[in-house]
Ligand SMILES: O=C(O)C(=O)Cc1ccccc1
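Given next, in structure tokens, is a single chain: the form predicted on its own.
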Amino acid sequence: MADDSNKDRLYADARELVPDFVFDDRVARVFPDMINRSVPGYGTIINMIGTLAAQYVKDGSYCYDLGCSLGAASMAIHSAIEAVDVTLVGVDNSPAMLARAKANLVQCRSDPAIELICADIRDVTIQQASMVVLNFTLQFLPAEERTRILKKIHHGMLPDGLLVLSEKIVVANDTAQQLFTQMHHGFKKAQGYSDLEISQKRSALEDVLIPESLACHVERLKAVGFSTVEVWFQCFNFVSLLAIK
């Protein structure tokens, strides 16, 4: 019988009260299954982060994966870059996620150096960065903190440095928003989630993951100083943007 201990069944049993979503050990254990069955195109985004890194990461620079979770984007960057004297920094505030990220990164070659930091990304200094990744991370910060962290990132980046920002968004048009929500739920059901699991996880995330509109993200990125901001991926209400300093 197949081992399904790493399969996401966290919301399979009915609960009278669904607690807020947290990145604890239970989530860390099933996170690869959870994220791939919940975010359409996640694997494509990870693969393309590696492709982008090969082009943008420069010799002697830093590369940051902010909210690195289990290190998927860090590993994609690490395997793709040919630049020398690069320091790759993965940051997450969940000890459970970082413990598994450390185990995952053992398989990576020793060069370039990889540093994992357990910290709030708002407290980390960004310096000499040729690439920064915020892969479904900003949406978990309070809305009033988002401009400040993006200013900090922009300030610490090299000229022509690249920020990859992936987010779940809301759509202004109510009909389109409803359609995207229905399509997303259909996607998750096709991945094996039940209506109960979809509903309970949505309740758990309601006060934790606060999405904004695409226009809000674009305007904010331009306001903090990024010269080029473009959407390079979108599936339903999941998008990834490229912002170049």
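Fair warning: this is a prediction, and the values are worked out from it, not measured in the lab. Start at 1 with the first residue shown and count on from there.
From this point on, the text means the form predicted together with the named molecule, which you will not see here.
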With the partner removed from view, which of 175-183, 215-223, 29-37, 54-62 is the stretch that lies within 4.5 Å of the named molecule in the predicted complex, judged by heavy atom distances? 29-37
Is there a non-hydrogen atom of Lys168 within 4.5 angstroms of a non-hydrogen atom of the named molecule in the predicted complex? yes
Is the gap between Phe236 and the named molecule in the predicted complex 4.5 Å or less for some heavy atom pair? no
Give a yes or no for Leu205: in the predicted complex, does one of its heavy atoms lie within 4.5 Å of a heavy atom belonging to the named molecule? yes
With heavy atoms only and a cut-off of 4.5 Å, decide whether Leu196 touches the named molecule in the predicted complex. no
Who in 18-32 is close to the named molecule in the predicted complex, meaning a heavy atom within 4.5 Å? Phe21, Phe23, Phe31
